[in-house]
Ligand code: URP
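Coming up is one lone chain in structure tokens, specifically the form predicted alone.
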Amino acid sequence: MQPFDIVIRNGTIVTATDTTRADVAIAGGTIAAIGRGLESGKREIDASGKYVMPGGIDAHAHIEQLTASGLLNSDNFESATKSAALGGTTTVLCFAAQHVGMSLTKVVEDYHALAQRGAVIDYAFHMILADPREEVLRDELPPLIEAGHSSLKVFMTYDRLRVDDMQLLDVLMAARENKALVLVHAENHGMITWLSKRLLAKGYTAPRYHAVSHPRLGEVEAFTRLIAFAEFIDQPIMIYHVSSAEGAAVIRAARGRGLKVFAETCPQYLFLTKNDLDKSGIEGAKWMCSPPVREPADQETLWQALSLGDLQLVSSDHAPYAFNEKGKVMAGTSANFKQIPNGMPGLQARLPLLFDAMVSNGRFGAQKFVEWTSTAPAQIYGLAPRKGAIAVGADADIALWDPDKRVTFSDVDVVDGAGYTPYVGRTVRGWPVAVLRRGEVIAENGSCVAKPGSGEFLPRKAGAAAEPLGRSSPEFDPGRNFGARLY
């Protein structure tokens, strides 16, 4: 019998459903056996005292992405995915971002080229539709979905990105016809614009007023409208970065009615508040993201929403802009909050923050940690059973966690292009000390050793999230409310 490539011995294996003491054998990049007394491997890794967990899947990250205003964020695929690997993440779903007038096919090709050059972990793309023209939806979208890009993102806010109601309905219908999942940044654009204009007119320009400019009811209204549209079309949706108690309540009510609604939150909404923006000068810009971080009470409500299943996963919404003239300070140190790029880095910090809260401090435990950061995103986004689990036949994407290792976040340790961490000074207990991607050790002892471009594209089959609650409407007709067939 040929020896295994690697055997991880004496660790505690944690999945979304079980915790057990066993060894894991790897051959040919996949998990070949799980048990005790396994044959030897070419390399043996002693995981005594460690948790052996599936590598994290971060389903929401902006990498090497050009904004609608022409600003490139601070990461390329190499720097972003190295930071992800060091934080225990082995798969990332990022964006191929179309802007008005662009060919979606060309956009996806360009992002593939960037990822093939730099990515050190495996990856897939969500396609951002800022210009859902008829020919894009009819001619470009179906073959792209067939090629494995089975999720689309739209914005309900931002001047150069947002879709109007009719465009949103068109995208939802196109997604339904092609069995794709629609992901949405849902905030009320009018309320944000109206309130921002009045704040600036009164001289309220500092970064802390960014949090004021995005009203909580703007999330409620947009969620409600989006869900109504999705119900009308009978199309599954994922609501991104839920930030408020009121927003979580809207999602709970919709799911309680059996609607096909998924939702996520992010570490910034679980660990930061609007007080973090209240710094002198422009310093608070480091903590600006959209939607903004809210109140301590919202943090507790979001944790509860996760525990109840109203929210299914925690993604980073990694959106790095360096704190300099090429990023956050592009409009100068006297810029108002509308002139500052929105977004925070988060790929490396996501898992350690959640491990500390959920495992080290006992909030929900190791199995829920695995579920919300790896297994659920794999299942929702069509990566299972290849990703998101420690099981025979699955890719050997594994993170070894030292539950006793303490790390204090510091700007000097940042690997991604932002150059700072919004969690500076925070100490966590629990850290990934070795990370394997498809059976190759890519991060160990604080260093990423993977070769740029060694990450692989992950085509995803359409329809993975089509019926999350068992609800089916094969005879769906959008005209049923009017007593007439529309097609």
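Everything numeric here is computed off the predicted structure, so don't read it as measured data. Each residue number is its position in the shown sequence, starting from 1.
Separately, the form predicted in complex with ligand URP exists; it is not shown, and the next lines address it.
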Open item on the list: So if I measure heavy atom distances to ligand URP in the model of the complex, which of the stretches 54-62, 427-435, 454-462, 22-30 falls within 4.5 Å?
Closed with: 54-62
TODO: Quick one: from Leu311, Leu141, Ala319, Ile237, grab the residue that has a heavy atom within 4.5 Å of ligand URP in the model of the complex.
DONE: Ala319
Task: Option touching ligand URP, based on a heavy atom within 4.5 Å in the model of the complex, out of Ala378, Cys94, Leu152, Cys289 - done: Cys289
Open item on the list: Whether Gln367 contacts ligand URP in the model of the complex should be assessed with a 4.5 Å heavy atom distance threshold; does it?
Closed with: no
Open item on the list: My question is simply whether Asn342 lines the interface with ligand URP in the model of the complex - judged by any non-hydrogen atom within 4.5 Å.
Closed with: yes
Open item on the list: Although the partner isn't part of this model, could you tell me whether Tyr158 comes within 4.5 Å of ligand URP in the model of the complex, counting any heavy atom of the residue?
Closed with: yes
TODO: Classify Arg252 as contacting or not contacting ligand URP in the model of the complex by the rule of any non-hydrogen atom within 4.5 angstroms, answering yes or no.
DONE: no
